[in-house]
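In the form predicted alone, a lone chain appears below as structure tokens.
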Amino acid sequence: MPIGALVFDAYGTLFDVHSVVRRCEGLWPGKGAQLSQLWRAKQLEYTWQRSLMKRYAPFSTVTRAALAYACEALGLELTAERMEALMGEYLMLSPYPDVPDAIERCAGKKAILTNGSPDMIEPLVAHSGLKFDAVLSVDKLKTYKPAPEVYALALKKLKIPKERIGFVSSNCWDALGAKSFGFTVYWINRLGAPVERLGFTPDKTINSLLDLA
């Protein structure tokens, strides 16, 4: 069946979560990249762990907790001022260079489906200037991807059967969660990583969003 809509992950797919490195480096010289990597890793871990425990907290809360952990683990002093400065960076993450042109060139309906809570994702999308038919957050369901009910949000909003929805993510675990649900999946493999061993494979692996268009 022809694809009638494209649904995009946000963090790491459209927006570079590691664009915070410059601010991290400015606060803790020589530690910026290491902090950014650990912050992101704990952010993802906490979403999965909270989903399994059925102890949902908004993505903004999870992101703050992950930053606090990462700073303590690396022996970095995190003041309230520094916390707010770095959380503010998440509202202004840089889109990847291929994103603006690719979004403009892709035909049909386009939506975002993200772990991001509205207080984070809505200002970020507005700041980017990117246009979508819908921005969907897991916050409505109080659980995180890759729970199947999260992907079902796109069906309810776009009114298109799942066989006609193309899901786009650079996070392989997310792409395979969408594949398990029944979407046609495009995995953006920017880093040349192997496919996760979760029993599924993407329908198409691409190097850039421009390959979609």
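Bear in mind that the values here come from a model prediction, so they are computed numbers and not experimental data. Residue numbers here begin at 1 and follow the sequence given.
This next part talks about the form predicted in complex with a further copy of the same chain, which is not shown.
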I'd like to know whether residue 180 contacts a further copy of the same chain in the model of the complex, with contact meaning heavy atoms within 4.5 angstroms. yes
Should residue 159 be classed as touching a further copy of the same chain in the model of the complex when contacts are defined as heavy atoms within 4.5 Å? no
Might residue 50 be said to contact a further copy of the same chain in the model of the complex, defining contact as any heavy atom within 4.5 Å? yes
Applying a 4.5 Å heavy atom distance criterion, does residue 176 contact a further copy of the same chain in the model of the complex? yes
Counting only non-hydrogen atoms, which stretch in 68 to 76, 94 to 102, 133 to 141, 117 to 125 is within 4.5 Å of a further copy of the same chain in the model of the complex? 68 to 76
Any chance all of 11, 32 and 84 sit within 4.5 Å of a further copy of the same chain in the model of the complex, going by non-hydrogen atoms? no
